[in-house]
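A lone chain, given as structure tokens: the form predicted alone.
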Amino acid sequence: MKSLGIYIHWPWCKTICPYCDFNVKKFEEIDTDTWLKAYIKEIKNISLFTNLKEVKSIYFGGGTPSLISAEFIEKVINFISNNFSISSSVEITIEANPSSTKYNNLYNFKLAGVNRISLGVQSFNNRDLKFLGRDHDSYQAKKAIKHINTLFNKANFDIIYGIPDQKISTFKKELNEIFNFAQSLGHLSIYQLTIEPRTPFYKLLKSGKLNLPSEEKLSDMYFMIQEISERYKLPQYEISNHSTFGHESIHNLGYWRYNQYLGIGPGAHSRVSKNSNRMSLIQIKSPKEWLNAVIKDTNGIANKEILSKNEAAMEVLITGLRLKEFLPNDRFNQFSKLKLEEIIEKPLIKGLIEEGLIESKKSKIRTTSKGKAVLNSILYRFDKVINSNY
């Protein structure tokens, strides 16, 4: 917990997917020199909120950061390298879409210092890709994976499941293809389609024009993923993430282990600790307003808040119980008034152990495979216990 992750948010996309609830805007002509200046200035600004200076991971997310030039990426990386202590095993990831992932682009990103690619595939089924509003087809996705495999030792691609009219039998066949490709890269992120407010899909759902799979069907799909992932030796290490040993996402593990991280860019979040307080920093959401604030004013922070003990404690559980590894009691206890040893003795939590949803041993706890499928209900019980004792 003595190293930092740095997240750089690039808010621009060529097209906005109908399920997307991230802080993204349709790409427009921008002054890249001004944006570069803003990112560098804001990294310096936000770094003042923590005493940590060792950086273990840098993550360019979005949006579609693969639309940025490699020269831009290199200058940001060089600034971080010159102003922080960079771990010898630092992981530097950039998100990319198959439509903007040409071999030369990837090669230039590698020269710039990127050593991991996260590719937004979402499906190898052209019908589903069209439904999801993606601007690539299955052929482009497979070609991009081939290029990534040639150039990078670590990589990931994303898949979405739980799409309307997705049949179990078809999904099983698709999973074998998905894990075959994932096996070559060493990592897969596979997410259930969620419908968020303020998205086109939400409007369709509310109007009755979007019929999602039943909870029972989604549960069957989830456990099918776990079964097939074991067969391909890509076990689950987090609810939605699978990898071979040593290919886990260092950056995301930092989030889940509740390490400190700096979030730079429109709408980005930070979690930092200074003077024994856990602090939440949220950047201005509007790209134009963020840019103006950073260039003309002190920084791009929209909200700065010291988290209460129960808020920080719950965040430790929300992140840590997603992992297959055990959550050490000490990690929770440093942010909480009520010790985890006491909490698990409460009847409401003891019931989770008796139901086989969590397990506790040697001063650490974790969710079982069965528990991960109902994590929200587990967290609800912990929240009731924690807040009733504060």
Partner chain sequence: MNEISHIRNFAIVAHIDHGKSTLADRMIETCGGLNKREMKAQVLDSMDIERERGITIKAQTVRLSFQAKDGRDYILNLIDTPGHVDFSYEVSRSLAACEGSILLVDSSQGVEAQTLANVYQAIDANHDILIVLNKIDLPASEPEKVKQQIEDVIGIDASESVYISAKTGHGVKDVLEELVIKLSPPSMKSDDELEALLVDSWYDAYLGVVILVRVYNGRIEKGMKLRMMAAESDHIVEKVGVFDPKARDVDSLSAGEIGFVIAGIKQVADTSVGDTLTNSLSPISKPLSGFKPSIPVVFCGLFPIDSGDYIQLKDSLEKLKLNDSSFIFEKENSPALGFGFRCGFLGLLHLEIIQERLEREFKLNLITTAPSVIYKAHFIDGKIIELHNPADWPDPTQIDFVEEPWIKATIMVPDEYLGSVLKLCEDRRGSQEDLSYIGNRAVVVYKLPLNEVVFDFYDRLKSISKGYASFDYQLDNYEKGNLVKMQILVNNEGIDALSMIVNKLRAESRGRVICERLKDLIPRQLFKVPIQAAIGGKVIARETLSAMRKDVLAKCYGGDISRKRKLLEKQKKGKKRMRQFGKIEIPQDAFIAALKIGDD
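If you're wondering where the values come from, they're calculated on a predicted model, not measured in any experiment. Positions refer to the first chain, counted from 1.
Separately, the form predicted together with its partner chain exists; it is not shown, and the next lines address it.
- [ ] Please state whether every one of the three residues Glu196, Arg271 and Lys384 places a non-hydrogen atom within 4.5 angstroms of its partner chain in the model of the complex.
- [x] Every residue of the spot touches its partner chain in the model of the complex.
Task: Residue stretch of 314-322, 83-91, 292-300, 125-133 approaching its partner chain in the model of the complex, non-hydrogen atom distance within 4.5 Å - done: That would be 314-322.
Open item on the list: Please tell me which of Phe157, Phe201, Tyr258, Phe109 lies within 4.5 Å of its partner chain in the model of the complex, judged by heavy atoms.
Closed with: The residue in contact is Tyr258.
Open item on the list: With the partner left out here, check for me: in the model of the complex, does some heavy atom of Asp220 sit within 4.5 Å of its partner chain?
Closed with: Contact with its partner chain, yes.
Open item on the list: Please tell me whether any heavy atom belonging to Glu174 falls inside 4.5 Å of a heavy atom of its partner chain, as the geometry stands in the model of the complex.
Closed with: Looking in the model of the complex, residue contacts with its partner chain do not include Glu174, since no heavy atom lies within 4.5 Å.
- [ ] Would you please decide whether Leu352 lies within 4.5 angstroms of its partner chain in the model of the complex, comparing each non-hydrogen atom pair?
- [x] Residue-level check for Leu352: yes, a contact with its partner chain.
Open item on the list: Is Gln192 near its partner chain? Define near as a heavy atom within 4.5 Å, in the model of the complex.
Closed with: Yes.
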